[in-house]
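Shown next as structure tokens: one chain only, the form predicted on its own.
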């Protein structure tokens, strides 16, 4: 009976999502059913980071004379429901991003609400379609530590394919040590938000659906 009730509950949630025009998760991506109020900048920022699975990671290119270099990368801030707000990455020095970071740690990660599916037909540049840029230092996670284990679980739970990436490509876990936050989630310019507010905000309990495509 419990399983049958759960199936009915999930079906009802999916039906409501369709009626509300909310796009469901693709390839197992997790989707919160509720976007925080734009006035709650910290909650919105954490929601954006937890709900997205990829973004544009910008580094200082040592191969292009110090020019900024943007690269589409996968990331995760934690296992489902356990996000900490700090983005982790699984990178190889066969790619310029990791090579750049090992020479100059300055970096930024830009994420849009648009891939989540909650912007509808709104243009990604419209202020009501939230966007965030996290700026800081792109660092190697401490090897053989609890942090590395956290990063591994966070990334592999959200990006299962990573477990099978070639071992001889020397992938390593990186994290973005956040120093500044730029958030747009409504009209009126960027929302004032400190790193401390971002990291220590109380996150709301959200309902998640896994594995459905609506």
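Numbering follows the first chain given and starts at 1. Every value quoted in this text rests on a predicted model; they were computed, and no experiment measured them.
In what follows, reference is made to the form predicted together with another copy of the chain, a form of this protein that is not presented.
Taking the partner from elsewhere, residue 178 is found to have every heavy atom lying beyond 4.5 Å of another copy of the chain in the predicted complex. Among residues of the shown chain, residue 115 is one whose heavy atoms approach another copy of the chain to within 4.5 Å in the predicted complex. At least one heavy atom of residue 159 is located within 4.5 Å of another copy of the chain in the predicted complex. Proximity of residue 124 to another copy of the chain in the predicted complex falls within the 4.5 Å heavy atom cutoff.
Along 39 to 74, residues 53, 54, 56, 58, 59, 60, 64, 65, 66, 67, 68, 69, 70, 71, 72, 73, 74 each place a heavy atom within 4.5 Å of another copy of the chain in the predicted complex.
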